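Only one chain is shown below, in structure tokens, and it's the form predicted on its own.
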Amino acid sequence: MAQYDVIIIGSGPGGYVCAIRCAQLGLKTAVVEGRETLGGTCLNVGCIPSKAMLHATHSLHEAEHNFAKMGLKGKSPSVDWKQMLAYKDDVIGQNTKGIEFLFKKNKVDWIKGWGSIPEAGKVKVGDDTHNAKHIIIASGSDSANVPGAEVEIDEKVIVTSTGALELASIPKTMVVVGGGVIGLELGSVYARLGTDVTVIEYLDAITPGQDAEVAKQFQRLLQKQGLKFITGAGVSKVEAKGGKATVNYALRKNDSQHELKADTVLVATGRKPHTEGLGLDGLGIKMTKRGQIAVDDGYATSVEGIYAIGDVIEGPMLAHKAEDEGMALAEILAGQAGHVNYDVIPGVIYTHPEVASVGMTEEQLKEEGRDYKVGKFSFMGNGRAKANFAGDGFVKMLADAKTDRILGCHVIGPMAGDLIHEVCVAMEFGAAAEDLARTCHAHPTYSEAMREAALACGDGAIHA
């Protein structure tokens, strides 16, 4: 067997990015992947297919609600569900084949099969054992079940995000357990397709950890789109019988018991690290209390020569966080100074409107006792947004009261997931809100709303 500098277990965003960077830096690299295609959960059954479905159903929404206002007359389009799923599958195929091409281009070997680590320096795949100076665990995560509840997921009636992306037909009713990113994105998809969607969230507000003002506005806008919400409710049981599902839940404020019936139940209560079958117990690799792999600042585990990145270690379970860690670790192994700034990792929810955030929330700043100022600007004051029926939402900029340094930004509105990155760049360079406010922004663009929020941190926005 070939001697590798690096073997990476898992070809998701963390694994494949790490592999390509390792190869670019002159390290002989292989990736172990047991799926038929590369790309991990993200490209196969996560980020990419869900965005395809969000795009398709948003286009349907535009045709049904906004085309006539612009003088585009005609029958509303009908939904060919099989064709929509085929479109989604084609998008997956284009992306996964793209990773395969990049592996060949960069001379990264794909070792096909599921890997385990019998000892440091060795990776076993099937009957073969491969040697490597460095082994990187980038095995990602799995959908988590409802904590403390009786739920048997069959991926037909009671589904995770994987099953929700390939339902045999569009359900008339759906219950989503969990008011986080996955549940709200896929709930939006089906609500646009005509499904009666009810979201049950254990906490008193959706999108836990999000800026409270944004979360409140977000829920209001989703309700206008037809989604229903039951917050402060704990699910105790989900049962499938005769092709239908029953959800039992209790309201936490008074412990009253309730029942909901639906064609489909989507369990979207988060994700858990995927470490089964890797042989970590036998290696004595130290784990955290939450079942993650413990690593140091250089992503090294407690066993020399073995590293971990992405969803299997602490931090937000985000594809781009895993990618950054993959690049940083590759650079460290090549003798460079790899680094990830965990204070500047954006989060995005790809509904319509989109929600994006980076840095600290107002609640966190209050908890720290930090002296800060707020600059807000509504998209109703943005000419481009009004022209495109996208005036819902706002930008909220948070800056240090004394230094004016940007501490965080929270956006709910059109293209929020793209707009947030000018703030990310600004924060990486320690910019003040005034720096962003004095930067010329093209007109008319959505990005002017970012500048206006920065101006609002000073003498005031122009169009407010």
Ligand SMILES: Cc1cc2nc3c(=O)[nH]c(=O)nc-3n(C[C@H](O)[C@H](O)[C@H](O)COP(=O)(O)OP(=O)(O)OC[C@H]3O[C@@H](n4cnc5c(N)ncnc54)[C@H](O)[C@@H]3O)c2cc1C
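The numbering used is simple: start at 1 and walk along the sequence shown. Quantities reported herein were computed from a predicted structural model and do not represent experimental measurements.
Missing here is the form predicted in complex with the named molecule; even so, the following discussion is about that form.
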| query | finding |
| --- | --- |
| Residue 140: touches the named molecule in the model of the complex, heavy atom cutoff 4.5 angstroms | yes |
| The named molecule contact at residue 194 in the model of the complex, heavy atom, 4.5 Å | no |
| 4.5 Å heavy atom contact, residue 9 to the named molecule in the model of the complex | yes |
| Any non-hydrogen atom of residue 46 within 4.5 angstroms of the named molecule in the model of the complex | yes |
| Contacting member of 273, 375, 115, 171, with respect to the named molecule in the model of the complex [4.5 Å, heavy atom] | 115 |
| The single option of 265, 322, 329, 308 touching the named molecule in the model of the complex, heavy atom within 4.5 Å | 322 |
| Residue stretch of 330-338, 219-227, 87-95, 106-114 approaching the named molecule in the model of the complex, non-hydrogen atom distance within 4.5 Å | 106-114 |
| Residues in 209-243 with any heavy atom within 4.5 Å of the named molecule in the model of the complex | none |
